[in-house]
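A lone chain, given as structure tokens: the form predicted alone.
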């Protein structure tokens, strides 16, 4: 059997197996719980192991397998900024996530938009969070689709059209998500999280050893490469001034958004109890440590290119995002390529499934029901969620095909938008500082600022886009809240 058939057979065999198991889990969940609660938060029944592996696969997706090694291969030291903000995210998560879960359980919140609606007693604010949260998820979904295409293209040793691979793989997961709901998403993610961990550590540890005999020789080659890299190469082993400004702004801002992604917090809402939530915040951190071997694979890729063993120019984009799979194909036999490809594809698909599921839930429950049809039935909400999920999937697929971007930076654009929710949440929970219109003005102007900085200004002074958004968001939110309170006092007297 030819190499591409071995690898592709393993990849799609694993996909069919996990989807089948997820469908069975979904049907059992529907028999046990009411349809809406089952579809949205799995009946709040997820235990420690299922939630841990599910969250891991949900969070660590194509950006881990493809984006991180791609950034390491192309830009070198800058990749540690991504790892550092993730580490800080778990410290913040331990403070805010248990509080969010407790409130969700008490007030029957099913989505992150429910939380904002409840905190501010405003359907309008809940609908705003639902719609904007869904829109900022599109770059994240696009990232997964592109990643799926790269995985299939390389695992098939160049014999499969990447466009066809994207269409087939993402259609499968979109259909699965529409039918299944969170119960099936959680169970498929559990399986994906397990194979992802194994793949990351096996390839990450072995790649530098198989290629060069050890990490020390790897860095010796990289030191020479920095001095003699191709024209246009930006690989560095030390931080420049611009790198430091970007790093500081990134690790200050991005961790604030980590647990406010709609798909992540809704996955947490499915937890069985508060102990499960707290233990998972600590356990999921193990996946963060797994970014280290992934980065080593990216460095191995650029070193292989430096010595002439790898012909693909991974020092430039978009070729750099192929680094993990290229190294695997270069150093290991096809059956290992198939297993690793299954893990990489699983990471992309599981995250895409979770995001697609939650944007449907946000739109149907917090925009459609709250604003247009308060008496909508549970069946109607589920059907509308499925329809909206399909629309978002198609939009993301079109963008992945016609407007592809570098995987890591697609992720960070999404973070820059989602982090604009953070002040409105924290400053309401803590002493109820913000008012409804203060929060609305702050979030909307912050998101507009992010869009302008990203598309027009090009990241002034090298600072992260999310920083500029919060710089506008917080002062305006406080000012409008102050004015709103003064107006209310004046009306009272």
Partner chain sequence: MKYSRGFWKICIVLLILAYIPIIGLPLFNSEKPYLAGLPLVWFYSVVWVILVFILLLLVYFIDRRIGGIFE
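Here the structure is a predicted model, which is why all the values come from computation and not from measurement. Positions refer to the first chain, counted from 1.
Heads up, the form predicted in complex with its partner chain isn't pictured, but that's what we're talking about next.
Classify residue 164 as contacting or not contacting its partner chain in the predicted bound form by the rule of any non-hydrogen atom within 4.5 angstroms, answering yes or no.
Outside the cut-off, so no.
Though only this chain appears here, would residue 229 touch its partner chain in the predicted bound form if you measure heavy atom gaps against 4.5 Å?
Residue-level check for residue 229: no, no contact with its partner chain.
Residue 299: touches its partner chain in the predicted bound form, heavy atom cutoff 4.5 angstroms
Output for residue 299 is yes: heavy atoms within 4.5 Å of its partner chain.
Would residue 279 show up as a contact with its partner chain in the predicted bound form if we use heavy atoms at 4.5 Å?
Within the cut-off, so yes.
The chain here is shown without its partner chain. Which stretch in 390-398, 77-85, 314-322, 200-208 comes within 4.5 angstroms of it in the predicted bound form, by heavy atom distance?
Contact-bearing stretch, as computed: 77-85.
If you check 237, 234, 403, 307 against its partner chain in the predicted bound form, which one has a heavy atom within 4.5 Å?
Contact check passes for 237.
Which residue among 157, 332, 94, 409 has a heavy atom within 4.5 angstroms of its partner chain in the predicted bound form?
Selected option: 94.
Heavy atom of each of 16, 119 and 133 within 4.5 Å of its partner chain in the predicted bound form
No, none of 16, 119 and 133 comes within 4.5 Å of its partner chain in the predicted bound form.
In the predicted bound form, residues of 270-302 near its partner chain [heavy atom within 4.5 Å]
Contacting residues: 274, 278, 279, 281, 282, 285, 286, 289, 292, 295, 299.
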